[in-house]
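The chain below stands alone and is given in structure tokens; this is the form predicted on its own.
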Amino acid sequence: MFSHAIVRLPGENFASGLTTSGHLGAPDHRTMLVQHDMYVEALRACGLTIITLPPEEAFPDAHFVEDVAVVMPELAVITNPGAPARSGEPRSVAPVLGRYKRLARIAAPGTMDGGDVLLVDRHFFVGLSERTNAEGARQFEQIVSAYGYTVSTVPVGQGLHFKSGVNHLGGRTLLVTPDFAGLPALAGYELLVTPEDEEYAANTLLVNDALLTPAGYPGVRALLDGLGKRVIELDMSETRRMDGGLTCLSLRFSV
């Protein structure tokens, strides 16, 4: 169960961040703030205490706080983001996490984004993507194996991060896009596959007893309703325009 979450307010220049989604149109800051507030309220409704960090104007993507750390009960691993423009983001998050957790770090030439790391029980899937390299995954495995975790790496052929296409819904159930459904690493799990044109909603977030999911994807909503959990739909239009999702807007942990 999560007890806390770290979030960061999107800066006025958040639309200057890295994106490949120009075809979706330019995001609006005022709308983004409203949607971010709704996201934070949903986390509160799940019982989490929220730690809100101020905007980082020098880093337009800094509100995607999940990419700068991987947090587990025993420690937090501060990542080395794979995009050079984001390399300074961990500096302001690490001291905050350090109040609650022992810290370890991924060092160059290793790179890692938290959006490529998914924990299921005591096993980590680490996506090898444009942002997370094999050396980053090797360092991560060396760190977490000392605490009894296992790690497997998975190639990310489609999407920005591994969690753009694979997320844990509880138990042995994963929500996946069709591109990831045939991965050997996911054999043995119950896979719920997103319908055509609803791949974005694969980035659904399990928070305690609830599933936070993007609004506007009825096929995915039907899959989630079959799990018997509380489902909270959130408008993610502005975050989607910047290649982001529900998972990347917070760092969830227990204390």
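Residue numbers run from 1 along the displayed sequence. As the structure is a computational prediction, the values presented were derived from the model and not from experiment.
Another form, the form predicted in complex with citrulline, is not on view; read the next lines as being about it.
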Does any part of residue 242 reach within 4.5 Å of citrulline in the predicted bound form? Heavy atoms only, please.
yes
In the predicted bound form, is there a heavy atom of citrulline that lies within 4.5 Å of any heavy atom of residue 248, even though the partner is absent here?
yes
May I ask you to check whether residue 156 falls inside a 4.5 Å heavy atom distance of citrulline in the predicted bound form?
no
Would residue 18 count as a contact of citrulline in the predicted bound form, using a 4.5 angstroms cut-off between non-hydrogen atoms?
yes
Partner absent here, but in the predicted bound form, which of 157-165, 133-141, 119-127, 90-98 has residues with a heavy atom within 4.5 Å of citrulline?
157-165
Which residues within 165-182 place at least one heavy atom within 4.5 Å of citrulline in the predicted bound form?
none
